[in-house]
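Before any questions on binding or motion, here is one chain by itself as C-alpha cells, the form predicted on its own.
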Amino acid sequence: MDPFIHPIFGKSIKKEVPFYFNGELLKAREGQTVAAALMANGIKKLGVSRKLQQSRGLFCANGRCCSCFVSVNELDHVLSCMTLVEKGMKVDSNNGDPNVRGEKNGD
C-alpha cells in the first residue's frame, strides 16, 4: 500500500518532486527528507566510511549519528535525514572528507 495514496479518495495526496542521486533522475514526494526519498527509491547505501571504506546508510534517522551524510548541490556532509528534498536537487554519495582547501574555498 502506497502511504501517499489517500485511503478514501484513492489518489496521491503529495506532489512528486524530481531530484538527482549520483546523476540518476529519481522522484520523491513533497515534504520527504532526502534519506526517506532515497529509501523509497530502493537506495540504502549513501556513501562509504572514510577510514574503513565500508558502506554507510541511514542509522538513527534523527540527525544524531552522522551516518547518512551526502553531498547536496555540491555542499559536502549534509545530513540526509534532516534535509527536505527540493525540486531539481542534486544529491551525491559521500565517499570521503570534504574539500576544505579547494579552489571554491579560496586556496
Partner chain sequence: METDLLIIGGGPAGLNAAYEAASHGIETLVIEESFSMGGQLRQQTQVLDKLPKQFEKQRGTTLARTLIEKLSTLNVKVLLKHTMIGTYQDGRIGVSNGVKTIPITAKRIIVTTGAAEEASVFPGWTLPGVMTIGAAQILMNREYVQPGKNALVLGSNTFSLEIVKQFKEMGVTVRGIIESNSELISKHEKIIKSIKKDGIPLYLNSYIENATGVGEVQKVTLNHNGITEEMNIDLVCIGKGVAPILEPFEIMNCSFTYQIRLGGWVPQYSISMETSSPSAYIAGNAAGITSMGGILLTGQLAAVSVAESLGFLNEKLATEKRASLWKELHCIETTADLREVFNARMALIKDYHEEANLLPSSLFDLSLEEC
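Keep in mind that this is a model prediction, so the values were computed, not measured. For the two forms, the rigid core is made up of the largest set of C-alpha atoms that agree within 1.5 Å on superposition. Positions refer to the first chain, counted from 1.
Heads up, the form predicted together with its partner chain isn't pictured, but that's what we're talking about next.
- Contact annotation for residue 93: none of its heavy atoms lies within 4.5 Å of its partner chain in the predicted complex.
- Within this chain, residue 71 is remote from the site of its partner chain in the predicted complex, having no heavy atom within 4.5 Å.
- Heavy atoms of residue 64 reach within 4.5 Å of its partner chain in the predicted complex, making it an interface residue.
- The closest non-hydrogen atom of residue 40 lies within 4.5 Å of its partner chain in the predicted complex.
- Contacts between stretch 5 to 26 and its partner chain, counted in the predicted complex as any heavy atom lying within 4.5 Å, involve 6, 7, 8, 9, 10, 11, 12, listed in sequence order.
- After superposition on the rigid core, the Cα atom of residue 10 is displaced by 2 Å or more between this form and the one not shown.
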